[in-house]
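Take a look at this single chain in structure tokens; it is the form predicted alone.
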């Protein structure tokens, strides 16, 4: 059984209670309880509120007590866009970018995603698993309790299945919750680029071989496509996502990152769970997202790492009423970070989001992006006791101290999965 305990002494308890995803002005409503406490029963929140009220409950008597001694507690971060399983860094490309080479120039020379594909295909499952395990520990150390993990660095049957099976194994072995996404349509693999009808033949491989196998073995919940210049067209993306839906995989998309293709409109049309990136959206796309249930997931770590000046138009999206979420886009090429606190810092400094908006985008709205809003993303009765505790006096200091990890403790389903070795005590 999961732990049962009384968590008390939070100077600020950010509950994010409320119905529905946070839109517009509601994005900054965190429902903060000062001097707050949580009662946890078998890994689930049984009560949340002021310390005096929670400690007086009959169910609180005799429970193990965890005193946060004035620290700030909030829902564990939900990182709704990661490429968890990969074989190695792409530090050599990082240097090339600094010297002026563009992302697309590097890709044309066999770098980029295809570089990661080559390395992953050559790696053993054991090597990949060891690297992913280390990453999961770092996610937890930064306050993340739930992640989405994509395939997409295999791009052949054996390698894509290798990644997806690792997701399943890692989810069974690690405390973090891992939600698997099939991204077989990341880019066209090298061996298909040399064929005149390569894209058509590769999509057939996805439809006839990979998607049925993924569905049969329950290896993913979502199907994703990189719809952009140099990747897959809107028509190709629609075909792949519709095929995925026929096999029970909900659609999500990489959209409008390098160029405006119409991917956002397709995501809305298909009622995708999310469309991610969105640096190149236009005003009509923004208005459409504001009226839709598709989550707009922004990935400022990617723009930061690539040294780009143009970030996604967060303020316009929020003002339009879109469901805005934040994620790390942890990957070896464009965003090698596991730190959601750093993503909050970038959201505040570069996207001009307030700290409150950034917290809501990285918790409850990100939970909606993964269709997990009933289980995670806020500290409410009946939800998992997924909690991040920070060694700060005020929640706004989490993004304020950029590049500094003040996560003191991370709790998943009522169990401590990370505890800082040093604290002020």
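Residue numbers count along the first chain shown, from 1. Just so we're clear, the structure is a prediction, and the values are computed from it rather than from any experiment.
The next section is about a form of this same protein that is not shown, the form predicted together with a small molecule.
Enquirer: Counting only non-hydrogen atoms and a 4.5 angstroms cut-off, does residue 247 reach the small molecule in the predicted bound form?
Expert: It does not: once the small molecule is placed as it appears in the predicted bound form, residue 247 has no heavy atom within 4.5 Å of it.
Enquirer: Could you tell me if residue 341 has a non-hydrogen atom within 4.5 Å of the small molecule in the predicted bound form?
Expert: Taking the distances in the predicted bound form, the answer for residue 341 is no, it never comes within 4.5 Å of the small molecule.
Enquirer: Though only this chain appears here, would residue 180 touch the small molecule in the predicted bound form if you measure heavy atom gaps against 4.5 Å?
Expert: Looking in the predicted bound form, residue contacts with the small molecule do not include residue 180, since no heavy atom lies within 4.5 Å.
Enquirer: Evaluate residue 329 for contact with the small molecule in the predicted bound form, applying a 4.5 angstroms cut-off between non-hydrogen atoms, and reply yes or no.
Expert: Contact check for residue 329: yes, within 4.5 Å of the small molecule in the predicted bound form.
Enquirer: 129-137, 204-212, 310-318, 333-341: which one contacts the small molecule in the predicted bound form at 4.5 Å, heavy atom to heavy atom?
Expert: The contacting stretch is 333-341.
Enquirer: Taking 103, 254 and 277 as a possible spot, do all three reach the small molecule in the predicted bound form with a heavy atom inside 4.5 Å?
Expert: Looking in the predicted bound form, the three residues 103, 254 and 277 all sit within 4.5 Å of the small molecule (heavy atoms).
Enquirer: Taking 4.5 Å between heavy atoms as the contact cutoff, choose which of 272, 325, 302, 73 touches the small molecule in the predicted bound form.
Expert: Only one option qualifies, and that one is 302.
Enquirer: Among 265, 90, 142, 167, which has at least one heavy atom within 4.5 Å of the small molecule in the predicted bound form?
Expert: Among 265, 90, 142, 167, a heavy atom within 4.5 Å of the small molecule in the predicted bound form occurs only for 90.
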